[in-house]
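Listed next as structure tokens is one chain, alone, in the form predicted on its own.
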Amino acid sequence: MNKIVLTATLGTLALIGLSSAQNNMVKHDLKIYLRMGNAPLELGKTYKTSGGMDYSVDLLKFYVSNVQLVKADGSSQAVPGLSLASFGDTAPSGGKLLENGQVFNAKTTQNETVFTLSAPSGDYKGIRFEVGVPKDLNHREASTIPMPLGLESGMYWAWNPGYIFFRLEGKTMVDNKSQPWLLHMGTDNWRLNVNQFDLATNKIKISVDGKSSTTINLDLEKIFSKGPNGAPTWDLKQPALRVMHGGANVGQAYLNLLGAWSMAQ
């Protein structure tokens, strides 16, 4: 009889503890400032590469997944979910969604939510996430999977395995004629890891309290900071540097993008 009472008591305490932990979960938005150097990005505005070529950014779409809040001891609080953020385009946001799936259609390029996480309240030393689709989802049948994946996402490569993880498009002038330029970065090799945390100091502090949010800068000027093969600039006159789906040129753009993220002050 005493064993039964003890077991019941322990079970009740466990349920209370679980309920308390669940009640302690709060929402927290990850937001993005799109930058062009030190200035806010304006879609459609003409900018110049370091080599003096005119270009604009008209569209940006990317996936966010494998979000983790970094604790003071260096361990991580994993956050489930996959989101698709669109700037300059509208992805279908109604209807059925993938479990823990999110779709965000930005109205501006500043302080726009790209992922809403649910995590235990508290203070964290930073955040890390991937720009990409988890491998187990990246190769499923696209015609049957709901948003933010699937054929309607505008991110599926019919001719290449998986999804475009990072889709950036605009225009440039070549021989006084407007030409499209694009960077479509995908496949499991080009999963971009964004790490914004600091265990040594208090330079980065994320308070998950249900009221605040975390904002990160993405400086798209960095895309053209270095050209392939050690070139000091990105030459958009070259067709292979203007339309990029894979290969060494995408590899250089990937390396440039690694340094494009920073915590907003």
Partner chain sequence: MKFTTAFTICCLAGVVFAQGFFPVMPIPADNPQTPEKIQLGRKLFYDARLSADNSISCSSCHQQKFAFTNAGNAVSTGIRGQKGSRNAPTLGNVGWRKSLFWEGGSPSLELQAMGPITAHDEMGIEPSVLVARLKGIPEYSKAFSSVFTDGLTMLNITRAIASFERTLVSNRSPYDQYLAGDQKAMSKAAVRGMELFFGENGDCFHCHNGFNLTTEALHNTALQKTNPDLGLARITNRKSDEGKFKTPTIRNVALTAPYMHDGSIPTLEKVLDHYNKGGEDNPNADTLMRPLGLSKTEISDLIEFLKALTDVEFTRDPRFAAPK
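Residue numbers count along the first chain shown, from 1. What you see is a predicted model; the values in this text were computed from it and never measured.
Heads up, the form predicted together with the partner chain isn't pictured, but that's what we're talking about next.
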Is M173 part of the interface with the partner chain in the predicted bound form - any heavy atom within 4.5 Å? no
Contact between G154 and the partner chain in the predicted bound form at 4.5 Å, heavy atoms? yes
In the predicted bound form, is there a heavy atom of the partner chain that lies within 4.5 Å of any heavy atom of N195, even though the partner is absent here? no
Verify the contact flag for L59: yes if a non-hydrogen atom of it lies within 4.5 Å of a non-hydrogen atom of the partner chain in the predicted bound form, no if not. yes
From the candidate stretches 85-93, 124-132, 108-116, 72-80, select the single one in contact with the partner chain in the predicted bound form, where contact means a heavy atom within 4.5 Å. 85-93
Can you work out which of L182, V103, L137, L98 has a heavy atom no more than 4.5 Å from the partner chain in the predicted bound form? L182
May I ask you to list the residues of 147-172 that have any heavy atom within 4.5 angstroms of the partner chain in the predicted bound form, in sequence order? L151, E152, G154, Y156, A158, W159, N160, P161, R167
